[in-house]
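Presented below, as structure tokens, is a lone chain in the form predicted alone.
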């Protein structure tokens, strides 16, 4: 072969080597890092046309980057999106419609794609379901003589258990439950609010919205706040030197209300004897814990939209991806179809309670997906309630102030 032909061949190989499209994937959820990196490695290995790059971005910085989408600046190609922020970004034209092939679309449950549909167009493909769950430290339960719940229990029983699980051991304070995380406007606390009969923090009448911080919300908020200041089974936000999940991981907390996505975190402590517990009922009603409807979206500014959508389809419906997630103890998009793999990945952890609660779960703020100003309204509510949770305001004053400011914002919202 002549030098010219050799040079042309080398150039051809070089061009082919650099022709692969790079899809930047961004998430804020570090609990899934190992799983996401394994998924991406599998996808990259399965084909040569696209290389997906993983980006783990801290929560605050993540939304700064998301804000750049509305300005039309550079952005990632595939991003995580939560339902509270979806309406704003979609209304600003920051998201691209997602077109799924017929096979992929048929596999996805309609109930999970509905929250991300606007005027018949799909703008996000849900990850999950991602339910709020209850974890227990079985060793502490046994040590304190507390019955381990396996199929059902009530809030009163949970509170009684939390009281018995609050004690000093080897000079360390053990707490019953992570009450500081159970602010009633956030997903963990809202799971008790819905279970008490709550109908949503904001109500829509005709074309107008108004706060719905009613008696059920107030009663539930007080019940959860009492865990810190009255029942004293939880460290207060000001007193705690660690977050609730860190205390549970260290064996210093008996009950933890968190998300089903935390299972890989508990592997950091091989001595932790943890299990799922059924979500407790409130006032004799069926539990209605929250499902966080996070989704994958394609920003309008993505230069690789076709490749991004292909990757999203693979992540959410391919047999390989679904099986990999289930085998790591994470609920895949097609959770029901991979239940056996999920349960096999968590033997002896009472994981069947996670599936048992799904049919009666509530998509967090699902009825408000068209409210463009939702993030701002929820921020006001969060700030006011946080004053009560940190002991800096009376609960009723915080709720009253939140209602007033929310009313003003909602009058401006469409």
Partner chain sequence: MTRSEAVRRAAGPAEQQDQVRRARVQGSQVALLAFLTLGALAIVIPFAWMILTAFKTPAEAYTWPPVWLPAKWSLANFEQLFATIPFGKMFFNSFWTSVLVASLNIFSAAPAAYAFARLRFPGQGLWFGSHLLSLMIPWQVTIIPVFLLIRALGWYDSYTALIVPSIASGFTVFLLFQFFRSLPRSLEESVLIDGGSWFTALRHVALPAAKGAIAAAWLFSFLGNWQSFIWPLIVLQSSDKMLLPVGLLSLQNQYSVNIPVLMAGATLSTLPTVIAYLFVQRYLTDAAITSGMKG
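What you see is a predicted model; the values in this text were computed from it and never measured. Numbering follows the first chain given and starts at 1.
The discussion below concerns the form predicted in complex with the partner chain, not included here.
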Q. Pick from 194 to 202, 156 to 164, 256 to 264, 107 to 115: which stretch has non-hydrogen atoms within 4.5 Å of the partner chain in the predicted complex?
A. 256 to 264
Q. With the cut-off set at 4.5 Å between non-hydrogen atoms, does residue 372 touch the partner chain in the predicted complex?
A. no
Q: Examine residue 241 and determine whether its closest non-hydrogen atom to the partner chain in the predicted complex is within 4.5 angstroms.
A: yes
Q. Residue 294 near the partner chain in the predicted complex, any heavy atom under 4.5 Å?
A. yes
Q: Determine whether any heavy atom of residue 249 comes within 4.5 Å of a heavy atom of the partner chain in the predicted complex, and answer yes or no.
A: yes
Q: Note which of 314, 217, 123, 188 lies within 4.5 Å of the partner chain in the predicted complex, where distance is taken over heavy atoms; exactly one does.
A: 188
Q: Let me know the one among 268, 151, 208, 119 whose heavy atoms come within 4.5 Å of the partner chain in the predicted complex, would you?
A: 268
Q. Which residues in 46 to 60 have a heavy atom within 4.5 Å of the partner chain in the predicted complex?
A. 53, 54, 55, 56, 57, 58, 59
Q.
At a change of 3 Å or more, would you call the C-alpha separation of residue 63 and residue 403 in the predicted complex closer or farther than in the form supplied?
A. farther
Q) How does the C-alpha distance between residue 60 and residue 265 change in the predicted complex compared with the present structure, closer or farther, given a change of 3 angstroms or more? A) closer
